[in-house]
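The chain below stands alone and is given as structure tokens, in the form predicted on its own.
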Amino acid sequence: METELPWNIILASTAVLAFIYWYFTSTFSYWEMRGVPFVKPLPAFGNIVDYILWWNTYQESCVKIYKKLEGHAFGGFYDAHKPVLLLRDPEIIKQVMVKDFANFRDRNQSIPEKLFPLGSHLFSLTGSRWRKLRVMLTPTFTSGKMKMMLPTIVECTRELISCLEKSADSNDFLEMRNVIANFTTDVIGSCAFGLQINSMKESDSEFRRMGNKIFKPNHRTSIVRSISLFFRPIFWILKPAAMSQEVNDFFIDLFKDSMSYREKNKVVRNDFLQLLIQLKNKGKVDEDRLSSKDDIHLTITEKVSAADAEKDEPLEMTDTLLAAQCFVFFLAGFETSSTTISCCLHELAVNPDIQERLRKEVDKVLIKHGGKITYEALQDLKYMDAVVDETLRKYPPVGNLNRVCTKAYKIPDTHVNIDKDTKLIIPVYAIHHDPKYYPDPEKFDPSRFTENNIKSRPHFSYLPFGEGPRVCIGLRFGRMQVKVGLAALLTKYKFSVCEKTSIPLGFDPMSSTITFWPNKIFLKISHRDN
């Protein structure tokens, strides 16, 4: 009897190990059986071991996979043990994002709203609920509404400029991501919630603290993220800080209090919150005519999303649903814009000739418009457009675009069928750094975005805001915020590299699978006349 016990343990352990091995490798024949080129996976880790172990970002892992699939229009890989299809060819990307959008409507599997009520926002909603909300929110982001919000953004730049004065006097070294995050927090706090946050002076404000809780990488969140790749329910059991009850309650209460105050005191402001109040009370937002070239990204959504609209389920405009839209407005406007401005300033410091040319354009345009940053002045900043476009190419805030196959689909002119619920990835960061489209991709070169150079590339080789009906609804607001911030800074200050500046700029391996964050950006600030 004494000799049987060890054998029982050995047999049981062997069975457990065999099951674990089977669980983590049972899907590894998926792409081979379908005749799809694929990258050979490692047991358990699939093709993203370097991401799971925090060696690099998920986007950088996708670059490696993208390169290994060179010569193929698409290919398979494994997210731990989950099969994922990576698209490389711009024409197939166009097919998925626009022409056959009905088969790929969703970005991800839906978020359980009982576990995270703020997850019912436009970025994460699926199916007919997404389509109905998208159509209802479209009028809130027209060029007319952007003009209405511009003075609020300009007002926030005055505080930014004022707070940097002493640092410029002393030629200080500043961590620009933190500085710009304070600015974008103030902008979003004012435009989305009607609040004067004053993050430049009160960096420990509750609003700023919540922003850090959501975006600042930490080991607990990274551990939850890594484990959930193997067993998805863990994600909802442990929940990262961004989905905590504290964050949820803060934003919902903030929205309700702001809305209640305005309705009781008959306060009306030109901001996003006011448009949501209008949507709740009237069931719609007063529309502008979508005729401007600035609104093309909205008209394509209307046309494609209108199909099958009669099948939409009812969508009740509850306080929680509306608060979720303010929440995602905060997420998108705070992080992506601060990353873009910070990375742009980094490149302007590394390339002082580009910085000087851009400053001269800003000076010239502002003189033309009476020294004021107006909507029309922003349209005249053509070289700034190219500089921002090149920043978004080199540092796209959303490094990958996700899609889920919602109806079985055959890739045109191939024998490959995509099963329902298959996850697809469009590797934006990898495409933006492909020398086939962008020679010498690590070089910062705004001339890539002259009219002729843009026409020379496939349209779907540049995707900083996505494309098709699920293109970023707030892209016009984001670009406006970036251009206003840059124009205000360059009229007053000069930015230079210092001994603490990282060249090239690296990324934090604890970044999320969607957005990814540069490491700290240290620059020297001085008055422009110095």
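All of these numbers come straight from a predicted model, not from anything done at the bench. Residues carry their position along the shown sequence, with the first being 1.
We do not show the form predicted together with ligand HEM, though everything after this point is about it.
Participant: Using the partner position in the predicted bound form, report whether E467 sits within 4.5 Å of ligand HEM, counting heavy atoms only.
Facilitator: Yes - in the predicted bound form, heavy atoms of E467 and ligand HEM come within 4.5 Å of each other.
Participant: Determine whether any heavy atom of R107 comes within 4.5 Å of a heavy atom of ligand HEM in the predicted bound form, and answer yes or no.
Facilitator: Although ligand HEM is absent here, R107 would touch it in the predicted bound form, with heavy atoms inside 4.5 Å.
Participant: Closest heavy atom of F477 to ligand HEM in the predicted bound form, within 4.5 Å or not?
Facilitator: So F477 counts as contacting ligand HEM.
Participant: So in the predicted bound form, does V328 come within 4.5 Å of ligand HEM, heavy atom to heavy atom?
Facilitator: Output for V328 is yes: heavy atoms within 4.5 Å of ligand HEM.
Participant: Tell me, please, which stretch of 350-358, 84-92, 133-141, 251-259 lies within 4.5 angstroms of ligand HEM in the predicted bound form when heavy atoms are compared?
Facilitator: Single hit among the candidates: 133-141.
Participant: Exactly one of V96, L276, L118, L392 has a non-hydrogen atom within 4.5 Å of ligand HEM in the predicted bound form; which residue is it?
Facilitator: By the 4.5 Å heavy-atom cutoff, the listed residue in contact is L392.
Participant: Name the residue from L150, V365, A332, I411 that puts a heavy atom within 4.5 Å of ligand HEM in the predicted bound form.
Facilitator: None of the other options qualify; the answer is A332.
Participant: What residues of 406-434, in sequence order, lie within 4.5 Å of ligand HEM in the predicted bound form by heavy atom?
Facilitator: Heavy-atom contacts to ligand HEM in the predicted bound form: nothing from 406-434.
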